[in-house]
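What follows is a single chain, given as structure tokens, in the form predicted on its own.
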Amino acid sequence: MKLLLVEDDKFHADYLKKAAMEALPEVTEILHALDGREGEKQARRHSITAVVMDLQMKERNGIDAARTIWAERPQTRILFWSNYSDEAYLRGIARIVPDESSYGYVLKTATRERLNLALRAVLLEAQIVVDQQIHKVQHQTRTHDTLTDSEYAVLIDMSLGLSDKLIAKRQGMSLRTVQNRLLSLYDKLGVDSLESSPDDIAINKRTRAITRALSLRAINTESLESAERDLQRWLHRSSS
């Protein structure tokens, strides 16, 4: 089995290689890519079906690279590892993983033992593994009620500047449903709880919801960049 490591930090790449050699004696060759774009090319060139993927990289982030790899080889198993436990990352991965694949998500602060277990579980046994430490960190830092998938979809589209009518068309919802999702978003994100706001000063709820979602890490730069590319593809299909 060939294994591809996609990591732009040399120290972390060396650590990953040693962990993989220890946990996966079945691996016959370990390849290394410095960013997501190079990772896509190597996965394609060598027909890779086992990948460990960093999420934050300058040239191309891990979610976009995984999307391309999965589009070409949906059976590819990918273990994501990151310094961050953002809810946006987990949602971004869950939105693109194909049914034929398995994936995992482990923090770079995880112990070597947990990393080794995740490597075997995801890349050899085709399990879906999200390290319990990620759920623990999210639980400790979350200050809003969990968003449903449809609420999250509306939040992303709103963040991209779409009107209620266009969100309804894109998500296959009625206009009333979109508006109800927005009301729920405002409540869960605490948009209406702005303290010491004079009654005669109007607050733009859409803008404040986006700001709150960013500060709470319900969305992040990478998720919005990826969503923008999805939007452009959707707009192209809709106009053709």
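Position 1 is the first residue in the sequence shown; the rest follow in order. Keep in mind that what you see is a predicted model, and the values were worked out from it rather than measured. Here the rigid core means the biggest group of C-alpha atoms that line up within 1.5 Å when the two forms are laid on top of each other.
Heads up, the form predicted together with the DNA isn't pictured, but that's what we're talking about next.
task: Counting only non-hydrogen atoms, choose the one of 158 to 166, 70 to 78, 118 to 126, 100 to 108 that falls within 4.5 Å of the DNA in the predicted bound form.
output: Result for this chain: 158 to 166.
query: Heavy atom to heavy atom, is residue 32 within 4.5 Å of the DNA in the predicted bound form?
result: Outside the cut-off, so no.
task: Give a yes or no for residue 181: in the predicted bound form, does one of its heavy atoms lie within 4.5 Å of a heavy atom belonging to the DNA?
output: Yes - in the predicted bound form, heavy atoms of residue 181 and the DNA come within 4.5 Å of each other.
message: Check residue 205 for me: does it contact the DNA in the predicted bound form (non-hydrogen atoms, 4.5 angstroms)?
response: Close contact exists here: in the predicted bound form, residue 205 approaches the DNA to within 4.5 Å, heavy atoms only.
query: How about residue 174: is it within 4.5 Å of the DNA in the predicted bound form, going by heavy atoms?
result: Within the cut-off, so yes.
query: Can you name the residues of 215 to 231 that have a non-hydrogen atom within 4.5 angstroms of the DNA in the predicted bound form?
result: Counting only heavy atoms within 4.5 Å of the DNA in the predicted bound form, no residue of 215 to 231 makes contact.
- request: Return yes or no for residue 165: a CA shift of at least 2 Å between this form and the one not shown, with the rigid core superposed?
  value: It does shift by 2 Å or more.
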